[in-house]
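The data below hold one chain only, encoded as structure tokens and taken in the form predicted alone.
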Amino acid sequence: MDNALRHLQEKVYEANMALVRHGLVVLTWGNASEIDRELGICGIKPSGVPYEELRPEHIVLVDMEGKVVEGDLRPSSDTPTHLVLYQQFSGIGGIVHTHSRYATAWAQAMRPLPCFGTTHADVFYGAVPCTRPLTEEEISGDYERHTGLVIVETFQNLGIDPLHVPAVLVAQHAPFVWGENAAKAVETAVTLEEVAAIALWTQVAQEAWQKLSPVSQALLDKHFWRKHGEGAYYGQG
């Protein structure tokens, strides 16, 4: 095998294993890919192979039409989605798809992920969009390809640069993220999951503040000074 292709397999393997280390995947729910645009070849995780059994040589290499050019295993069932994104978003070089808990919750709620603070703004230039649901015809047809097409449609309709917002929530499904290579896409997936969690708890905190009253001054005084005051009596000291 050409050294460039072997190196591509190794990079895609490392990206997939990084998803496990970061806790973004369970069982076989996820995949990472990277494209060598000069060769027109994409490396992607094989379908349904447990991560603990995955090896660099298992990474499947496909051309831009999805034809396997290297490997004995079937590529990920999400391969058509990845290929649509590579074809339509020319500036990206790596893609990650997970069903990570918090980002998937936003996708299942069919809500964009708002930018509530600087942690989000450091990576995503505004809200991470959520697609429309796929139609029955799209689901029953070339489902994975239509998933890619509805992502592209979402960015076009909203006028979002995919390099400025390198992630999307597929309605009632899960997130896809991307970057200049697979390793960068993994980093973005980690960030997306973290800001999805922070955003959820931000909303919980805001709602709680509107409904709950702070502890009374009397109760605050009692509990603080019984440990820290001159007449403290908590403990054995």
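Residues carry their position along the shown sequence, with the first being 1. Take the two forms, find the largest set of C-alpha atoms that superpose within 1.5 Å, and that set is the rigid core. Please read all numbers here as calculations on a predicted model, not as lab measurements.
There is also a form predicted in complex with a further copy of the same chain; it is not shown, and the following applies to it.
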(message) Can you tell me whether T154 touches a further copy of the same chain? I mean in the predicted bound form, with a 4.5 angstroms heavy atom cut-off.
(response) no
(message) Contact with a further copy of the same chain in the predicted bound form for L61, defined as at least one heavy atom pair within 4.5 Å: yes or no?
(response) no
(message) Contact with a further copy of the same chain in the predicted bound form for I139, defined as at least one heavy atom pair within 4.5 Å: yes or no?
(response) yes
(request) Find out whether any non-hydrogen atom of D221 is located within 4.5 angstroms of a further copy of the same chain in the predicted bound form, and reply yes or no. (result) yes
(request) Any residue of 86 to 105 with a heavy atom within 4.5 Å of a further copy of the same chain in the predicted bound form counts; write them all down in order. (result) H99, R101, Y102, T104, A105
(message) Quick check: L212 between the shown form and the other one - does its CA shift reach 2 Å or more after fitting the rigid core?
(response) yes
